[in-house]
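First comes one chain, alone, set out as structure tokens in the form predicted alone.
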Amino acid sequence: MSGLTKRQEMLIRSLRTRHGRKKSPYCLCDGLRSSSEILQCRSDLVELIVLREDKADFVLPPCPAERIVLPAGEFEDLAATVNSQGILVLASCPSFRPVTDPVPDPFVLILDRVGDPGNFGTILRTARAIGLKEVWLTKGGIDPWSDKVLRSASGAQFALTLRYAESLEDAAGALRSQGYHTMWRTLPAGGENVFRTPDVFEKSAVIFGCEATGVAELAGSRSLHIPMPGDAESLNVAQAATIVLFEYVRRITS
């Protein structure tokens, strides 16, 4: 493929598969939003920018990385999306921050084995929107640097710090050692009402769980729920997270 070295082409193609992503320290942003986000927030990670010829004049944040412009046919053959916006950014994946480092947020958002890319990405965007600096993840969830998650989050991963724990117990232990003693497990029903409980967001962790099985058991935790007067069994995890997180915004802006 003209303009790209064989290594660059093979690397980009490999990142379109789950197997290739798991083996690689790189990620691929496909689209203007996620590409602009990494260029704005973490240009130091960018290895290569690939543009379709009709988008060669895209105004992008400054970045010293190499730019390559490809004819439309060659670009579309390389892109992972059907209707690409004409830009690909190849970048190194940021490292997870150690769980022992100081926590900057008033409360911590933990995603326990959340596996759907749309849900995961939406929650990351919401976390960024309410002003959180970081999100914690546990083993068993989706790869935060997969192409689907990057698109659904619009690249919010690059504006947030991500931390990874082997288990929910490990995450809770690390947080308790820093004075975050209250662990809230969100549940479809039962437990305390998120709109009426006063200390939900005070030196605490709010945990959302796997779509299929919910939040893992955690000794010493408290249960939290969103009241649902209707007859729905539960909310989608991304919907639930949005409601709970914006309850925090309501409290700090009231």
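Predicted model only: the values in this text are computed from it and were never measured. We number the residues from 1 along the sequence you see.
Not pictured, yet referred to below: the form predicted in complex with a further copy of the same chain.
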Heavy atom of each of 25, 48 and 133 within 4.5 Å of a further copy of the same chain in the model of the complex: no
Answer option from 122, 161, 85, 182, heavy atom within 4.5 Å of a further copy of the same chain in the model of the complex: 122
Residue 193, heavy atom within 4.5 angstroms of a further copy of the same chain in the model of the complex: yes
a further copy of the same chain contact in the model of the complex: residue 129, any heavy atom under 4.5 Å: yes
4.5 Å heavy atom contact, residue 11 and a further copy of the same chain in the model of the complex: no
Interface membership of residue 17, a further copy of the same chain in the model of the complex, 4.5 Å heavy atom rule: no
Contact stretch among 201-209, 222-230, 52-60, 184-192 - heavy atom within 4.5 Å of a further copy of the same chain in the model of the complex: 222-230
Neighbours of a further copy of the same chain in the model of the complex among 237-254 [non-hydrogen atom within 4.5 angstroms]: 238, 239, 242, 243, 246, 247, 249, 250, 252, 253, 254
